[in-house]
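The data below hold one chain only, encoded as structure tokens and taken in the form predicted on its own.
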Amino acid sequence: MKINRIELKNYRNIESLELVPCEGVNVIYGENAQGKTNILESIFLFTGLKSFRSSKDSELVAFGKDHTKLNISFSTKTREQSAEIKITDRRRAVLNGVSLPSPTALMSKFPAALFSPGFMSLIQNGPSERRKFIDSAICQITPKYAVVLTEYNKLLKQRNSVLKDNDNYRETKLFLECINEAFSILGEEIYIERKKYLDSILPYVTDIYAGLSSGKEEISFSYIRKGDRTGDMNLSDILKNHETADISSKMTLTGPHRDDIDININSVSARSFGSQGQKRSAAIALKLGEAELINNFIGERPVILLDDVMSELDASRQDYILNHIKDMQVFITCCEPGSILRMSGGKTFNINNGRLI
């Protein structure tokens, strides 16, 4: 898949902008707060997901304007397509001239893999960030997974509410017996999908990380299931083993909402002992691996969006990103135009105060 044209109107600090990218690497450079990330953010919205920078759609509309409009034309293996997103207090989407019931209907229609500085939290922060990464990635290739997550979280909220508010041990125990079967079925489905995803992405991530590190380092990761003492327990048994602890602590202590992904570089924890360059490389490798997997599942290579990716990477790692990502359209933002000099092809765009110059 490749983007042929992007048109933005009244989007954040961009009054009006038209960008015609190449099918390879596109570098958008300029000083801070000029609009570089706004362009990547606008592209990402066509995945059907929310902004990676703002929880409120209204914040995407330029100050003093009542709406913003985003248009994109793109090519897939089968056809030329177009999409439009209009934002007032909420988003509305149109695909090939047909109004969609919700922007989430764009999922799997416009695949993209995004790396932003906030994505470093995947490596540096706690388990919730790694769960968020894997769940978002699975949703892009298996939209029905989002439904399973929603149903699981509803039951989790119910379960925690009863555990917290009911002091009657017998009543709480009876409630858990009623809810645990449905809760376990959904939780087990989430676990299976996550484990399957990690097993599928691992070969791509290890290969990409080896390229980034020039073969000097090796990345590995594994899924850690909270409460699984033997490595092959199902959630129903895990919940039974922790029932007394759940009642005592007044919260659900086990389940996919408490699981983690262990990420290591050269068999050592990346979170605890990795350098900033290694952590950034690990996060980039996971994102590029995600892109390869999207291509495998839906038969379309996603657009790669890399925001402020060059900082804290040495010259050889920058060279890999600029010159060795093959067969994918890439958009990169950076502040330092000097790093562009290492690019052997592609196209560059200089942005200043929301305008291309």
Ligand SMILES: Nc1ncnc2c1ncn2[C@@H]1O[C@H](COP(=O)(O)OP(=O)(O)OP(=O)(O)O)[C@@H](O)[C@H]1O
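These numbers were taken from a predicted model, which means no experiment stands behind them. Numbering starts at 1 and follows the sequence shown.
This protein has a second form, the form predicted together with the named molecule, left out of what is shown; the following refers to that one.
Which one of these stretches, 56-64, 319-327, 42-50, 295-303, sits within 4.5 Å of the named molecule in the predicted bound form when only heavy atoms are counted?
Result of the contact check: 56-64.
Would you classify residue 33 as touching the named molecule in the predicted bound form, given a 4.5 Å non-hydrogen atom cut-off?
So residue 33 counts as contacting the named molecule.
Within 4.5 Å, heavy atoms only: does residue 335 come near the named molecule in the predicted bound form?
Because a heavy atom of residue 335 falls inside 4.5 Å of the named molecule in the predicted bound form, the answer is yes.
So in the predicted bound form, is the named molecule close enough to residue 26 to count as touching (4.5 Å, heavy atoms)?
Residue 26 lies outside the contact set for the named molecule.
Given that the named molecule is not shown alongside this chain, does residue 37 nevertheless sit within 4.5 Å of it in the predicted bound form, heavy atom to heavy atom?
Residue-level check for residue 37: yes, a contact with the named molecule.
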